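Given as structure tokens, the chain that follows is alone and in the form predicted alone.
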Amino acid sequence: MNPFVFHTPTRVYFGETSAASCGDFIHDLGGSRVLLVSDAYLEKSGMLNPIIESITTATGNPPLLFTDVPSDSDIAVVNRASAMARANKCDALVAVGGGSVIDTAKVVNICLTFGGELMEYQGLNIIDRPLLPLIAVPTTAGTGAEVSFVAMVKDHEEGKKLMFGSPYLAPNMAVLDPLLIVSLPAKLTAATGIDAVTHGIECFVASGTNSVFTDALCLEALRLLFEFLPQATADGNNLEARGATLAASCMAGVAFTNSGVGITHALAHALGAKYGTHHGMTNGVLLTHGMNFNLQATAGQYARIARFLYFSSSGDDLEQAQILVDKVEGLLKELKLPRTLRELGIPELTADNLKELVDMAGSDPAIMFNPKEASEDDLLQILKGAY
């Protein structure tokens, strides 16, 4: 067995109504003045009320609310939230929401902990010491942001997404409460879920620090997602299915944080930065294109997934690998997700736009972990094929 390092600094708490214990968790972490980061919908829905009450009771102080996080958060949002937190001397954060909310809270935590110029910490492993306590409470099942070491926010002026990455960026605790995702619409359930599927597949073949730990997490996450994501999409009140997808998303998040993703994510990041497309839906459009590109290099690993999921009993790795690609395509169709970039609302791609996207994807950190080297022409052909 090859040497490996597996790191999981986030404590995970799973259970119905567990979000109502956030105050106790923050108290245990030593927080007393909490910035609660969320979005306007969750505030209006009343979903935050038990969390607010819990924090107020446990710390003796009502949390300071920042609920202006959009679906595609940016540096301006981070700066506003950070200024509010500093002015009120906050010493801990709770993030309740999807990936955009949790990533925003992570980057705010950098500002609140260190001060100074945020861009000094942009990149991988620049942050070299612990941040203030942060609890992440996901309200979608897909991004894995509640356990990941990275955060991405947009720089609208530059038209690109900025990545911050360090093990110290991971939340201290992830609170997985299936009740919080019951009201998630079917379309978003499918879109965020396919993000988790992409994490599981890309991580399993990534050239990062793969190990028996990440392999096991990917395989079980994919089993849960193929079984329960269609059920959760069809019936949002199915708590078993909701809980299974939430756990699977978290497992895939732990896995890809340790081993990386690949070409699908690199291209999705570029498209999201330029056109503001939903990350999960963009991954869904690109996933089988990325898998087909990697097929020859990853046939044995794709075959392992197919066999684990009992998709086929064939002994031929390449045949098994192609069956996995077909099953992913079938899942995407069953979930009624967009199948082309055109369906995502992306205008016809000009030569200049294609070159810009290829340059962005080619320099995205995710591409470093793809199991097969991709040339500019390879990226160009995938984009054209997906359009």
Partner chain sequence: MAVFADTDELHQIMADLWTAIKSDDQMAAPLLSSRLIVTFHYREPDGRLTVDCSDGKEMVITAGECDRKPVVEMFMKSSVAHEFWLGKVNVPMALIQGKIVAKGPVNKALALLPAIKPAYGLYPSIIEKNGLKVSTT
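Positions refer to the first chain, counted from 1. Predicted model, so just to flag it, every value in this text is computed and none were measured.
There is another form of this protein, the form predicted in complex with its partner chain, and it is not shown here; the text below is about that form.
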For this session: Report whether all of S18, I52 and P185 sit within 4.5 Å of its partner chain in the model of the complex, measuring from non-hydrogen atoms.
Result: no
Per contact check vs its partner chain in the model of the complex (non-hydrogen atom within 4.5 angstroms), the hit among 319 to 327, 335 to 343, 357 to 365, 33 to 41 is 357 to 365
Find out whether any non-hydrogen atom of E373 is located within 4.5 angstroms of its partner chain in the model of the complex, and reply yes or no.
yes
Is G208 part of the interface with its partner chain in the model of the complex - any heavy atom within 4.5 Å?
yes
Whether N125 contacts its partner chain in the model of the complex should be assessed with a 4.5 Å heavy atom distance threshold; does it? yes
| Is V5 close enough to its partner chain in the model of the complex to count, meaning some heavy atom within 4.5 Å? | yes
Its partner chain in the model of the complex has a heavy atom of only one listed residue within 4.5 Å, and of T139, S259, S100, T192 that residue is S259
If we test each of D235, D155, E227, E120 for a heavy atom within 4.5 Å of its partner chain in the model of the complex, the one that passes is E120
